[in-house]
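The data below hold one chain only, encoded as structure tokens and taken in the form predicted alone.
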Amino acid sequence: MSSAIEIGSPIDDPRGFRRALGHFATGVTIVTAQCDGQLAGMTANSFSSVSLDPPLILWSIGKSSQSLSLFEKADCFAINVLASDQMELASRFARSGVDKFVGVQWHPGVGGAPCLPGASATFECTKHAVIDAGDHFVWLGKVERYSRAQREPLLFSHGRFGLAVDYPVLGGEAENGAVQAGSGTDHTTMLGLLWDAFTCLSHGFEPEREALGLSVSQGRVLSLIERYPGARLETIARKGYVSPQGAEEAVRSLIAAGYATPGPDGCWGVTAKGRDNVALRRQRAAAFEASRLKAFSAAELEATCKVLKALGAG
């Protein structure tokens, strides 16, 4: 308990409660349904398996959701478990008030529920039961058909998206055969090596972030507001690799803490306090990076930067 940074009542501090819930990492799904020619779809991470016999799964939907009425009328729905390259699709279906299916390919599953190509797995379900649970309804579905692809899943935690990587080999595990080569991401590929380097550096810089009083998501969002004046929430979420809800919550926290201020047309500005935080974080990041790179020669760093810039340019 001594290492806790927040302790409180969910009733008194609902945002803190939500932050604590964010410590449980999940996958990301898009739940879809069709009734009388109308389509419904929403991003959800409240998916879970329930039973193998009979084959049951569950997910939940907020009582204020605009899609609720159509899901209530539909007898079937599909759970599309998103793959690691479908972050923009997750962001699209997390928004409200737009036609989410425009330009999106799909094919009808059981009961006409849209099944999305490229998903890591799909579960086509008939409605089994609906449970009234506080400000949500819990949907139980009986799985009538499933499919899966050899694709890495998209993950979600702390209001931001992530990717699955192998747990680092510790001590003599490799020698003892506890970790088998090739069991997950191929870390001999450029993408695997880049991800390993990024996660190692990011985790190493974590104490500096904490010392400046912002979470990873808050720091990213603040830097992007400062870097892209006038950018809207969708742009901030996409460039920061966070969900629209995570970006919105980060903005609210930054405004409450005096780092950002509301601007015209749904945009935001950075206060003097916010600019100081961004500048200090960049200064500390540069010092941290220099300490990690001092073992490499100037020629090695120049060649590495050349390769990374070329890859980043697409």
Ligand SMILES: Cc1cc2nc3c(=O)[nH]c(=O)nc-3n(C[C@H](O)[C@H](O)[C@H](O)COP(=O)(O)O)c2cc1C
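Predicted, not measured: the structure shown is a model, and the values here were computed from it. All residue numbers refer to positions in the sequence shown, first residue = 1.
The protein also exists as the form predicted in complex with the named molecule; that form is not presented, and the subsequent description refers to it.
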property	result
Full three-residue contact with the named molecule in the model of the complex, heavy atom 4.5 Å, for N80, T126 and W139	no
Interface stretch in the model of the complex with the named molecule - options 219-227, 238-246, 103-111, 198-206, non-hydrogen atom within 4.5 Å	238-246
Among the candidates C35, V251, I61, V278, the residue which, in the model of the complex, approaches the named molecule to within 4.5 Å (heavy atoms)	I61
4.5 Å heavy atom contact, S96 to the named molecule in the model of the complex	yes
Residue contact check: S49 to the named molecule in the model of the complex, 4.5 Å heavy atom	no
Contact of Q66 with the named molecule in the model of the complex (heavy atom, 4.5 Å)	yes
Heavy atom of I57 within 4.5 Å of the named molecule in the model of the complex	no
Members of 30-47 lying within 4.5 angstroms of the named molecule, judged by heavy atom, in the model of the complex	M42, T43, A44, N45, S46
